[in-house]
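Next up: a single chain in structure tokens, the form predicted alone.
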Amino acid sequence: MRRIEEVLDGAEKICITGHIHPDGDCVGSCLGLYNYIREVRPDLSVTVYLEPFSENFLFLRGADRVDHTYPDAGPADVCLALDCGDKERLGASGKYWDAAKRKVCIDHHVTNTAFGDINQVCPKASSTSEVLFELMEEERITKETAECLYLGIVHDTGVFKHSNTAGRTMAIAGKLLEKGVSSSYIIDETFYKKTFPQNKALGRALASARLLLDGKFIAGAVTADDLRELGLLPRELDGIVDQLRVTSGVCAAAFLYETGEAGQEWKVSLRANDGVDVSRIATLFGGGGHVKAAGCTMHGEWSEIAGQLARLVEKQL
């Protein structure tokens, strides 16, 4: 695929969706594509289906028009799955994918299964938002579309700190800034800014944290009781795993939060510094992601899960 317009030819009804528990890149890429299509093809009907996401992203144009209810709808001519490594990660929006006449997958996860009729998967890209920029006509990208893509890149690179940040990433970010994007607003308001309960959740995770493998692996957790007490939703826990990752001497980090489901179910976010590929670990438990950032779901006592993860990290060291 050379341009987004190629997959829109002959279509009237477009569906855009992404992975469950949408993060910054998922939301940014979906809304970026939504705004772009509405600009270049205003004749098309376009709907975005996503689970509820952080209130920090609601300033993006089109955020108030995202459908979180997943109503029954007729088949779309084209369904675009963004920032999603496999069909199962689409969750409830998988029904739109199954019904679509043409299925297009745009992603950057190294674990992507190429589950579309058309697949544009670029593992060397920092983010799906970066991949999308390359598929758009630069002169037709508006400020509103640029804000979405810039936010996606900021979140998946950890504000340009992660090893997935390449020269091309910075060049694209610069071009998006030239569209009038406020870098300081997006970085401060959507990445760094936290509520008091969110800061308390970080404190709980740090207080629970355990150093394993002689300080090379760290794991911390927040329980379902913690979330209820603090009045937080899982989507409000972004950034905790990255704070664990920057602990001195650590090669890899894990942050776990308890879902409250039966069987002591934990969502696990994994991050790595040099020498560890956490995507290999996540795929063992039905998850996926990137070399330096991945996730999965595990069951049991969280301390036992931490030990299990530590042993898998140790095999790579």
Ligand code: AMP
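Every value quoted in this text rests on a predicted model; they were computed, and no experiment measured them. In this text, residue numbers run from 1 along the sequence as written.
Only in words, not in the display: the form predicted in complex with adenosine monophosphate, which the text now covers.
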Check your understanding: For the chain seen here without its partner, which of 268 to 276, 43 to 51, 65 to 73, 244 to 252 has a heavy atom within 4.5 Å of adenosine monophosphate in the predicted bound form?
Key -> 268 to 276
Practice item. Just give me the single entry in 15, 293, 306, 298 that has a non-hydrogen atom within 4.5 angstroms of adenosine monophosphate in the predicted bound form. Key: 293
Check your understanding: Pick from 144, 77, 236, 86: which residue has any heavy atom within 4.5 angstroms of adenosine monophosphate in the predicted bound form?
Key -> 86
Check your understanding: Does adenosine monophosphate get within 4.5 angstroms of any non-hydrogen atom of residue 103 in the predicted bound form?
Key -> no
Check your understanding: Can residue 109 be called a contact residue for adenosine monophosphate in the predicted bound form at 4.5 Å between heavy atoms?
Key -> yes
